[in-house]
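Given as structure tokens, the chain that follows is alone and in the form predicted on its own.
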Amino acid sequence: MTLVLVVDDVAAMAEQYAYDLKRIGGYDVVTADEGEKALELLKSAAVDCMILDLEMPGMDGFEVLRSLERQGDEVPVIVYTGTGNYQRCIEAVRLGAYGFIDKAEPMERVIREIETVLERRRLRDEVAVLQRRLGAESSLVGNSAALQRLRESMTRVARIPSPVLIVGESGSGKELVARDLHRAGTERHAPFVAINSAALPETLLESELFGHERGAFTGASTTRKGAFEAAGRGTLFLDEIGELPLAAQAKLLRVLEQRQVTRLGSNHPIAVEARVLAATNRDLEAEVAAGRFRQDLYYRLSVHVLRVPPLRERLSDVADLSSHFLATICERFGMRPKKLSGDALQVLMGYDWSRNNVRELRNVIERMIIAADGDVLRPEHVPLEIQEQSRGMATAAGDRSFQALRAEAERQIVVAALDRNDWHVTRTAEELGLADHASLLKIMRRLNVRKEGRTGLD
């Protein structure tokens, strides 16, 4: 039930408003005859909208608005006046009021204004949630050399309309790379459409990609655009492209070459402009050799190839990632922010995360948050299987050079030592046996180790 607070020093006016709002609008209504009382009420009641008289003795409506701004209270406010001085109402809007009405307005008009304000507030809250979600999930986190190289490669191809093949292990962040490429591209305001090739039955895959006409098959009761059309001038992201059946591969190749699609049940080709990004955790060259993936399609998709490094190749980023996940998960759960101790971080940095990479780390952080009663996550909160498999500073070689391996190992050592010493540079330099703090600062600059944006690490 919507709760409305009416603030007016004339008790009879406030009570009449309360009665009419309840009778006509169906709202729950509370009243206050002073600005101070209104502010006190807001602390104990979940008010959805406030109707505020501007002309009151003592704390007037303007001072109430200023107090709300100082306190960070975002309750929507509609000001009303009986003086007819709308210039003062406009001034109130500048101070944060959502709108204004005259006390002589019919109650139906007042209710419409309340509903408009509540809808604006709802939409604003939805946008805020989406922005937080995008901020939490839509960017690559970390400053390791491996991630920096990936970012540099992304910058080079972001504005080129050619297809890009994104390769990497499960959970390493391939879709994040695709979304970042879209945002950095020339059509960032156009749609981003993602299709998981492995999640769709073969019978529906072509319909999802190319669309269908009404009656094209049983259940096709309406005409439907496919993903290529839906993406418009934007981006079509084909995840798990290695799972695409051979028949669908042939049709996808034809679309990429001809830049047009034909809906199922139609003979009329439709021009398409979407840029195609594809991702896979498979070795597509091996799939081509085994006859499971078309060679011509592979060459068409791999005009540019981006390799997303697995987390074990950038273990020094575990600190930044853990901080990021701690902040976003605690916010989503409505919990007080928690911190990760330096020795717990060292356990996490000693695990290779080969099962599901960054996604696995995120799940582990969530489990630790739930397991910890206090505000600090310690080694005993790390899941037992992670503790048992952690090997200190072991680093997988992969296909990296000796210099890259050495730089990553050095970065892990420095990050772990800084976290153990609460980022006190002098103490960390002493622990590492360096001459002075200036020597450590020089190493930190060389390895791109910095504290900016780090929260939740103790």
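None of these values were measured; they are calculated from a predicted model. Counting begins at 1, following the sequence as shown.
The form predicted in complex with a small molecule is left out here; the points below concern that form.
- Taking non-hydrogen atoms only, residue 354 never approaches the small molecule to within 4.5 angstroms in the model of the complex.
- In the model of the complex, the small molecule lies farther than 4.5 Å from every heavy atom of residue 197.
- The small molecule is not drawn, but in the model of the complex it has a heavy atom within 4.5 Å of residue 358.
- Within 4.5 Å of any heavy atom of the small molecule in the model of the complex lies no heavy atom of residue 293.
- The contact residue chosen from 284, 272, 176, 78 relative to the small molecule in the model of the complex is 176, the criterion being a non-hydrogen atom within 4.5 angstroms.
- The partner is absent here, but in the model of the complex a heavy atom of 240, alone among 229, 187, 206, 240, sits within 4.5 Å of the small molecule.
- Contact annotation for the candidate site: 316, 423 and 447 all lie away from the small molecule in the model of the complex (no heavy atom within 4.5 Å).
- The stretch that touches the small molecule in the model of the complex, counting heavy atoms within 4.5 Å, is 359-367, out of 254-262, 379-387, 359-367, 94-102.
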